[in-house]
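Starting off, we have a lone chain in the form predicted alone, written out as structure tokens.
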């Protein structure tokens, strides 16, 4: 410090910035450049083709099918996850009996939070393989439960009519627990006197959630929406391990489409990079729009 603050800042800031540029920014820039070539990935030949890859992409029915599935995930995964997360967090925070102690949570709330959060300690690979076994058409837990009540069970991941919704359910299940804990932590910062006053006025828990909790937690909900939207636009690992985009491309998403294009039989790295560029701008646009559309005046409380 005797030489001033700038040598210290340069010493500790420049190396991480250089590493970030080399390992993160540089691959992004290379992807943009590769998307304008016909590179096959395993050769030194990469002839410039201009925007030909993007023109091909515009007329690619498989890409549009994947984008359609991503759009459905984008519309449902954040909504279902946030609604369920807020519901369970509210029940844990103020689901107990109202008495002289005021607003109380349910008994054993810490245990419930641990159970809800448990999927977060599992890797996505383990979650995908676990649920693949649950959906097994012969010995799967869900199939056995349906047979136990005397109903015929579909081939969950083998039927185009059910495979997509099975994957969507796993996406929601794997994320709800984290947002229960996140929303619960945000709710714990809200003074209990606010909830007690609202309940004393005769408001139901649903009204309290909609009129009080949601406005006070809006910043947290907005951040959750952005993260879940990015997750919905990806979904690569779950889909690739559970269905690999099948059956009949019914669960295909843009990440799987890009992977198969790059590492499949044709190894079209240039075309796959064009898909990646489109995915980059879609994700960036969704994140920016979510932050702008969801912008509200912050509510202060003491």
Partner chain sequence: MTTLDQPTAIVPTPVTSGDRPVRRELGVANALSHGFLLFWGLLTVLPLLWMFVSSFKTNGEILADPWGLPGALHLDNWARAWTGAHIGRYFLNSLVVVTGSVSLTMLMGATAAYVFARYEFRGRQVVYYLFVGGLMFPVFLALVPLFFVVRNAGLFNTWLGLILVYAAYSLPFTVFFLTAFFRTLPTSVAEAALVDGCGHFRLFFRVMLPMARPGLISVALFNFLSHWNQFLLPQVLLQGDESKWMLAQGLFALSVSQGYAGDYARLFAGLSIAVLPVLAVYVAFQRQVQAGLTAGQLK
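We call the rigid core whatever largest set of C-alpha positions still superposes within 1.5 Å between the two forms. Positions refer to the first chain, counted from 1. Being a predicted model, the structure only gives us computed values, none of them experimental.
Note that the form predicted together with its partner chain isn't included here; everything after this is about it.
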| query | finding |
| --- | --- |
| Its partner chain contact in the predicted bound form: residue 198, any heavy atom under 4.5 Å | no |
| Contact of residue 30 with its partner chain in the predicted bound form (heavy atom, 4.5 Å) | yes |
| In the predicted bound form, residue 115 touching its partner chain (heavy atom, 4.5 Å) | yes |
| Distance check, residue 38 to its partner chain in the predicted bound form, heavy atom within 4.5 Å | no |
| Selected contact from 125, 83, 76, 214, since only one has a non-hydrogen atom within 4.5 angstroms of its partner chain in the predicted bound form | 125 |
| One stretch from 187-195, 204-212, 150-158, 67-75 that, in the predicted bound form, holds residues within 4.5 Å of its partner chain by heavy atom | 204-212 |
| Residues within 4.5 Å of its partner chain in the predicted bound form, restricted to 233-251 and counted by heavy atom | 234, 236, 237, 240, 241 |
| Core superposition between this form and the one not shown, C-alpha change of residue 13 at least 2 Å | yes |
| Residue 281 C-alpha shift between this form and the one not shown of 2 Å or more, rigid core reference | no |
